[in-house]
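Let's start with one chain on its own, the form predicted alone, as C-alpha cells.
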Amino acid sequence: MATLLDPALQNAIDALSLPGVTIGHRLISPGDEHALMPEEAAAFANSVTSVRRASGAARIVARQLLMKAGLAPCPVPKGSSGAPIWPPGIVGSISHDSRVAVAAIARRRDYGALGIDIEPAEALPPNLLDLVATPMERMEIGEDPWQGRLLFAAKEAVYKAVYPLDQIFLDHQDVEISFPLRRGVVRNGRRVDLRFSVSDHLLVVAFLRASDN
C-alpha cells in the first residue's frame, strides 16, 4: 500500500529529532479502512466509515514503524480504555484528525511512556479554551487562539502517555502545561516532557524516559 505523505508535516516531524522515538504519518485515503486486521476491526465494527478509515491509516503507519524497528507486522488492537495495545517491549501512541494519521513508537527500555496528538492548525473556539486551560495557562497564552489549540493537543498527548502508567482518567484541568519549560504536570505530580512542532498541523509528543519512571 502506497504511503501518502504531507511534505510540510514530514519536515516538522524530522525537526523534532527525539532520539529513540520513531514517528510516521499518512494522509488518510479511501480504502484505509480495509487495513484493519481482524483483531483490530472488531473494536470499530459499529463505527462510521471515516473513523474506521482513520484508524486503519493510523495502523498502517504503526506497522511501518514496527517493521523499521525490526518487528514483524502485527495487530495493534484498541484496548478497553481506547489506547492501542503494543507488542511487548514497545511503547507507542497514535492519533489522527480528519486528514492525517500519525503514530510514534519507542523501545520500552528507553522510554517509560509515549503520547502523540495531532490537530489542525486552526484556532480553538473560545468556549473550548475556557474548558481546556487552567488560570495559569490562560495567563501564559493570553488570548492567542493558536496557542489554545496547541495547549489542547499537549494535554491530549500527556493523557495518552500517562494513562497506561496510572490508569487514571483525567480531564483537561488535571494537567498543567508550560510551553517555555516544554513540560506537563499531572495532578498526581507526574512530570511529562513535551516536544511540539507547528506546520499545517500542530503536533505534540509527550514522553517519560525510562530513567524517569
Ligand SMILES: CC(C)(COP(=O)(O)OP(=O)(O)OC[C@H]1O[C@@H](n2cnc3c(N)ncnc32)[C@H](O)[C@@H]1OP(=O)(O)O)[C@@H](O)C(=O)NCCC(=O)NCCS
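Just count from 1 along the sequence shown to find any residue number. Note that this is a predicted model, so its numbers are computed, not measured.
From this point on, the text means the form predicted in complex with this ligand, which you will not see here.
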| query | Among D144, D166, D171, E39, which has any heavy atom within 4.5 Å of this ligand in the predicted complex? | reply | D171
| field | 4.5 Å heavy atom contact, L128 and this ligand in the predicted complex | value | no
| Distance check, I94 to this ligand in the predicted complex, heavy atom within 4.5 Å | yes
| message | Contact with this ligand in the predicted complex for R108, defined as at least one heavy atom pair within 4.5 Å: yes or no? | response | no
| query | With the partner left out of view, is K155 within 4.5 angstroms of this ligand in the predicted complex by any non-hydrogen atom? | reply | yes
| said: Partner absent here, but in the predicted complex, which of 67 to 75, 136 to 144, 95 to 103, 120 to 128 has residues with a heavy atom within 4.5 Å of this ligand? | reply: 95 to 103
| message | Where, within 54 to 83, is there a heavy atom within 4.5 Å of this ligand in the predicted complex? Residue list please. | response | S55, R59, K78, S81, G82, A83
